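Next up is one chain by itself, shown in structure tokens, the form predicted on its own.
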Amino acid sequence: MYKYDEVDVNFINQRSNQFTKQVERYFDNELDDDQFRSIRLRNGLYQELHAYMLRVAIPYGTINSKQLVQLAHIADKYDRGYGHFTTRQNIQFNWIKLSQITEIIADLAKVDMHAIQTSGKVMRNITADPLSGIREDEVADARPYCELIRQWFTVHPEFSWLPGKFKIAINGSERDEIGLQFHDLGLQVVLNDDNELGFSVYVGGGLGAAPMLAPNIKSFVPEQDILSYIESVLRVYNLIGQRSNDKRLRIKFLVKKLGIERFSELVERDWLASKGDDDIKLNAVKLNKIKQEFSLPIEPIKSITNNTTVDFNYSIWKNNNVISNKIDGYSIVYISLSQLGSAPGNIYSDQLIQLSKLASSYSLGEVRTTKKQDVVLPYVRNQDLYVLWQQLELFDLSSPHNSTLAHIVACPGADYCSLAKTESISVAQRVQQRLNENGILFETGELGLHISGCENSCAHHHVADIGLLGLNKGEENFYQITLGGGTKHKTVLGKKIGRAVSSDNVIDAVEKIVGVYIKNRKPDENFNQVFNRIGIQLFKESVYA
């Protein structure tokens, strides 16, 4: 994994010192609330319902053992003993005191971590497939490009005050685990007819109150020109994007307003005028140096058969949470953070420390986060799987939830977030409890439920098999239900099933939907395959009958 060099470390320390002085100026009344708000947001600090929330960047979802220990320290010293992994591969702390923020930022800097540009109208944390570099079907590992783009655009002077936030995802695999088309800009690594590496570019996606899938605006941008092409996209957005209407700030609204042909034309014109500038050509020497940091850290080994007698629970866990690595003799292990009765994505300090130890012992000190709020150990020897499972059992990290309905994705909701209209966590817990009591929680096969507490869609409910969107009508909470969303092979927005259902009835509705699926599925069919085969009507009738 990438290790910060002297330039990176100096930058983080410099930014930490700057923010410390800005906080001091705020306490000394030299900055008013509006001035400080812009500054703190650019350093990942939100003011929520009960406290400040700090969002810490985990670039392209890769984190090491030492950093996990420091996050545990922050959780214990400054928060309430836990953190929350998000759908953009970051981690949040929800109970921060402003008086302690400079200490936290300094503690993060000690392990090469920060919260820079995790909020604000800037380019946010760049996401990538958590299995980058270890998938069989990859054209190329996406992470070196994520890192190069991260370095280039962090506090970029021309794009530090965009009309709205800007999110990038990069994928090197045929399988799309990150949803390229619901990002502001999605880059798919491709090879052209001459076997040259480049990128297919999607612009103008986003979820929220007006979900849109990004159209493809350029089928091939050569590798060496990708920085200049991204700059052209951002420049067009920065110059003519909407700034006066808070509900129309994102680039998707500009693409829709202009039309994809006109928008592409403006980007192409700007790009052709600027791409020849050597200063924004991709630096091949620097890229190759970064690639070396991401080279596979292990050699294939002959897999040793584990003759240990194992129990049924281990077999279920292995079947659900373990997949093959492209390196012979190794596996990839998913660790679900959606335990029964817990808040999806939450991880306690003792679990962070245990995860750090397990990563050091079994995965070369590396952990990866995902958009489904779980974590991955990417380099586990096949012969170590059973012992690893036993260790996970000790800290409630062995739930065989991956890709089942037990693995629910949810935002913090109205328990914490000032924007949320309804609760998310309690609904997730109620669904798990009901279906567990009925004995079907682990019998659904591949089925995802995502719950967002407001239209911002932080839980990505639009692209879930079953999506719940919280709405507030007077004093009562309701949930709009969508079915059939997904990413992976093709990004699809879910379809609304009908009128929103009340909080009192939403668990019944989910149970009925799952019942229709189970009744109609054929062997080896997942939810989306059933939905696409039988349509929405039977699900609708079950809910509203």
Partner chain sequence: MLKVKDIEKKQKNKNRTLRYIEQWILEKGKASDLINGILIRPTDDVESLAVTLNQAPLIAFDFNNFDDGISYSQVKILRKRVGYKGEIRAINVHIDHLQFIFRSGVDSYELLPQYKKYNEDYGIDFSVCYQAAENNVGLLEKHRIY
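Numbering follows the first chain given and starts at 1. The shown structure was predicted, so the numbers you read here are calculated from the model rather than taken from an experiment.
Here the subject shifts to the form predicted together with its partner chain, a form of this protein not shown in this document.
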*asked:* Counting any non-hydrogen atom inside 4.5 Å, which residue from 395, 314, 152, 362 sits next to its partner chain in the model of the complex?
replied: 152
*Counting non-hydrogen atoms within 4.5 angstroms of its partner chain in the model of the complex, say which of 283, 433, 472, 383 makes the cut.*
283
_Checking a candidate spot here: are 45, 92 and 366 all in contact with its partner chain in the model of the complex (at least one heavy atom each within 4.5 Å)?_
no
_residue 521 within 4.5 Å of its partner chain in the model of the complex, heavy atoms_ = no
*Is residue 136 close enough to its partner chain in the model of the complex to count, meaning some heavy atom within 4.5 Å?*
no
_Proximity of residue 277 to its partner chain in the model of the complex, heavy atoms at 4.5 Å_ = yes
*Do residue 243 and its partner chain come within 4.5 Å of each other in the model of the complex, heavy atoms counted?*
yes
*Out of 503-511, 35-43, 477-485, 58-66, where are the residues with a heavy atom within 4.5 Å of its partner chain in the model of the complex?*
35-43
*So which bits of 100-139 sit within 4.5 Å of its partner chain in the model of the complex, heavy atoms only?*
121
